[in-house]
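Only one chain is included here, represented as structure tokens and corresponding to the form predicted on its own.
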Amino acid sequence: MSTIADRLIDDAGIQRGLNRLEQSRIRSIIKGVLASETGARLKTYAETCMRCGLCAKACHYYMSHDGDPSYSPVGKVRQTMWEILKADGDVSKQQLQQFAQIAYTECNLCRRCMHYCPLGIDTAYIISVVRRICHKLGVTPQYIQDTAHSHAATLNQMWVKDDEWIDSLMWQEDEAREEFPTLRIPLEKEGADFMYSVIAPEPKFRTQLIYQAAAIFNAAGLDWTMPATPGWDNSNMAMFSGDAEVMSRVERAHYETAQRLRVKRIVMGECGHAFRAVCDVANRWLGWKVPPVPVVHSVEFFWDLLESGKIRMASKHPGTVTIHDPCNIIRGRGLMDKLRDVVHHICEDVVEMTPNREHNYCCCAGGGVINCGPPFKKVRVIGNKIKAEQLKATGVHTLIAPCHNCHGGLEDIIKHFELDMHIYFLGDIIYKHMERPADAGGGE
């Protein structure tokens, strides 16, 4: 069995935080977090975990490292939170470095292990508390901290300036009107049926997804809008860095933007972690029993468009595809059946991975691990060999994944393990194969 000490990686952000930290501050911060932000839930988990190890085979890190118990969920909790509790918060800087690396880079918070625990212990919650402690102590990986800083300064994760956001939308509208002459990307339209929100990588380097969404909404004749102000980005890496304060600011701005526009609901693009932030974590932190504006994920939205006949397919994607189930909308929202309905609507043939649905292996990106940057890229790619084997076993070359972070994580795995697979969003295929409006000027 290895230990975290055997595989420590230098990270500028973690090291800088440790250098600034005074030993006397560690215990007071930890005690403060445990006393004011945790309660019966953590205490129950700590007192009921039997250390039985049944969670081990649920973790892709454990499975990808030949059953090394230090990578098992219970092993990671034992090396972090149980050490913190045992020492009553009086831990060393060296231990903190180890806690940070495990919490940020060796657990995706994917919650697969919770399904295998006979007591239903939510390891992701425990590890999230470890991340919260590390954040409060300033011991966070540099790359994800930079992203959290971007959220704090701009309310989006990629430092997109206000005018760049509007320019990107106008540019995509101009491009799309060559294909669909009457298409508009409405900005600041009050009282529309829904506000469409995306994550910051879309205006930055995946602008085709905004184009495709506008084309689909135009073909369906929908009443929609996008905001021209901050609050348009629904992603939230502060949720994963442990910065609950910035996380809450981001989500409050998102909901308040929708309220200002007086829309009936928010429709989110194909992202998993953003949905978790908007509908599961930040709203609870803000003290809302239910979100102030209804939120619909794009999987549900596309399902409704196809089932109601508002979008009809002129053809189906040829050949065989397989489906990746994003953790945050499958284990977190239960969209596995609607995802399959949509894929069968738009693709000729589907081969399921094994295991699938709520038992599917994580992409190894959606818990903020991919945002910890290059120092830890090898950790997540090698740590998901089991996913590569799962993909290869399908024998197909086309993968459907309705989540941005899943695309990032899976693309790295596919490249490293030379799997010869291509990944598509649902919107990619719907746009390409849907019936065009009568005024459309062609397209594929």
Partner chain sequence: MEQLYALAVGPLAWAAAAIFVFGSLYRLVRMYNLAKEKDGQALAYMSWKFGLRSLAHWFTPFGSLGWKENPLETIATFVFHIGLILLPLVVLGHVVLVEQFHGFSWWSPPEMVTDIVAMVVVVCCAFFALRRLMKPEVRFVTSGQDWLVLIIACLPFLTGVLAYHHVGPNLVMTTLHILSGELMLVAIPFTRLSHMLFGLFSRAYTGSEFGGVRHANDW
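Numbering follows the first chain given and starts at 1. Note that the structure is a prediction, hence the values are computed from the model and not measured.
Separately, the form predicted together with its partner chain exists; it is not shown, and the next lines address it.
Is its partner chain close enough to A40, T44 and I330 in the model of the complex that each of the three has a heavy atom within 4.5 Å of it? Yes, the whole trio is in contact, each within 4.5 Å by some heavy atom.
Under a 4.5 Å heavy atom criterion, is G191 part of the interface with its partner chain in the model of the complex? No, no contact at 4.5 Å.
Is there a non-hydrogen atom of W303 within 4.5 angstroms of a non-hydrogen atom of its partner chain in the model of the complex? Taking the distances in the model of the complex, the answer for W303 is no, it never comes within 4.5 Å of its partner chain.
So in the model of the complex, does any heavy atom of M50 sit within 4.5 Å of its partner chain? Close contact exists here: in the model of the complex, M50 approaches its partner chain to within 4.5 Å, heavy atoms only.
Does F376 make contact with its partner chain in the model of the complex, using a 4.5 Å heavy atom cut-off? Although its partner chain is absent here, F376 would stay clear of it in the model of the complex, with no heavy atoms inside 4.5 Å.
Please pick, from R111, H135, H324, H151, the one residue with any non-hydrogen atom lying within 4.5 angstroms of its partner chain in the model of the complex. Only one option qualifies, and that one is R111.
Its partner chain: the contacting residue among P292, P318, P118, P181 in the model of the complex [heavy atom, 4.5 Å]: Going through each option in turn, the one that passes is P118.
Counting only non-hydrogen atoms, choose the one of 71 to 79, 137 to 145, 224 to 232, 162 to 170 that falls within 4.5 Å of its partner chain in the model of the complex. Result of the contact check: 71 to 79.
Determine the residues of 410 to 438 with a heavy atom within 4.5 Å of its partner chain in the model of the complex and present them in sequence order; the list may be empty. Going through 410 to 438 in order - heavy atoms within 4.5 Å of its partner chain in the model of the complex - there are no hits.
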